[in-house]
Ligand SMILES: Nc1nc2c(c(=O)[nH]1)N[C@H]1C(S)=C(S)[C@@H](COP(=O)(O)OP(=O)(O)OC[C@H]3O[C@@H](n4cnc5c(=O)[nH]c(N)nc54)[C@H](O)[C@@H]3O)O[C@H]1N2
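Single chain ahead, by itself, as structure tokens, in the form predicted alone.
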């Protein structure tokens, strides 16, 4: 078909979102003129969110970076000049070679996450390049790992159900997840369940959009989810509402659990969570006596010092009441294990190239790594792609101080001039999803999507893979694995005979655009036990944790941040509450920023009154780590003692040149390497 004729190209959204929508791009004369959701996709059903509906603005908008840029002014000033790819790559390679020669490969740090979620553009040539270089290794665990590990310690896996099974549920607990904003395509299935008689409960300290649409909103104090789960279990066992047969046959440690539950009577749990005893008991009874009962979790409650334990505690509930027996019953968490189990990811990432004796930096603690005077060797070069750490990393002031180091050589691959890119020595224009190949996996549904390039790269933009290929060549890396094309890498990932693929091939994906992993309809993974734990049972008591010297039973512990309570009495929730932003993506685009208007601090009248804070007044939100200046929104979206600030606003677009992460700590969670930034405490004062 000639380029002068309109044609449609299949692809999929690249964003760090559980929905992973399939889309169709109309191309005329080499220009993308329309982008819509694929109406044939069984899960996303043609719908796109408010962020992605205007994706062509990201591709063709005036903010798009179209050529390599070299810094000409002070770091952070945004002063750059265009240069050719040859100039940029020659200088970058020469400077990296000099740093490695003087300080070793560990003086170089890559920094990336899921700004692009697809396998090819996020974890292929880059992994090979930095392994070959001998760079400091990056632990990419800021989100998702903590909760998954917590569930693993109970169930043996964090995967369980397909999201479509929720239509069979009759009691749905959305625990720490704002479905309407962050998991939009699950909501029609929940509405279908509601139409068939289901009750929808939201457990969330904030009265989110989803909480407002639910039948029942339970608002515990932040970080008390484990205590609430234990309190529910105590009521269930006390009133004989547990499934004794299921427990006897398919669980271990019930007797020890009952002893632990004696520490969590509803009265104590009420004091911890701030809920009424009657509400805790009512929730426990309703959950235990309504079938099928489903708990939906994602990542909302994991970013805490004891976040993993919270998920472990919640994951005990379905086995306690035998919810796994029913279609539409149990725990619905992530589906991320499906693609990583089914596909040949080793052929892509080549983990055998990595030297595990080299040091590792957790991405949550980038600010520490860039400002630690004792680090040997110090980080002398930083290469950022698929991320915007100036906005998304906690301890923002440390991160910015590190990025402003004159002796730090920074390279950023980007679409637009982010806060991080403004601090770079070189900014390299990367292609958008319309301009490259990718294989897009999902952590929230059961489909795999092939993204085909719909248009030629705009300007001088290049795919991440090609940038690292060219840089490898400049560095003298001539290994054959740097010559593989994107299509060859996709084919290698699919060249397996795993039953989850159901025999699907590259050509099948190319024709249809997506395939469904072969998860059975009406799947009841643990209806008759078979948990993938060492015992083969749901582990209320974990022998593995006991051998590691950790608490083998679910428990609740107050975070160490509580020690700051006297000076900073308010708990801060900095969540993904913006419809038009995804983490920090889209916050740089004028339409999306205007749609959100400005960040607001939600504060309850009980807390606003004594501080003389009126609705709409400017306030200063602060702690020992930093401060943010925003307008207050006084109301009952939060409970007393809690304030909420939206995550994702760029410092450059904020009144105080800081955003929520200026307040958040970089302490790590108990398991999985995630961050404990939601344990943050602050004070708020009027700034009038």
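All values derive from a computational prediction rather than experimental measurement. Numbering follows the first chain given and starts at 1.
Beyond what is shown, the protein has a form predicted in complex with the named molecule; the following relates to that form.
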Q) Only one of 182, 410, 542, 451 has a non-hydrogen atom within 4.5 angstroms of the named molecule in the predicted complex; which is it? A) 182
Q) Taking the named molecule in the predicted complex as the reference, which of 639, 58, 633, 625 has a non-hydrogen atom within 4.5 Å? A) 58
Q) Do all of 145, 313 and 556 end up near the named molecule in the predicted complex, with near meaning a heavy atom within 4.5 Å? A) no
Q) Do residue 306 and the named molecule share at least one heavy atom pair within 4.5 Å in the predicted complex? A) no
Q. Can any non-hydrogen atom of residue 199 be found within 4.5 angstroms of the named molecule in the predicted complex?
A. no
Q: Report yes if any heavy atom of residue 159 sits within 4.5 Å of a heavy atom of the named molecule in the predicted complex; otherwise report no.
A: no
Q | Non-hydrogen atom contact residue 647 with the named molecule in the predicted complex at 4.5 angstroms | A | yes
Q. Heavy atoms within 4.5 Å of the named molecule in the predicted complex: which of the stretches 485 to 493, 320 to 328, 204 to 212, 189 to 197 has them?
A. 204 to 212
Q: Could you list which residues of 367 to 403 come within 4.5 Å of the named molecule in the predicted complex, counting heavy atoms only?
A: 385, 386, 387, 388, 392
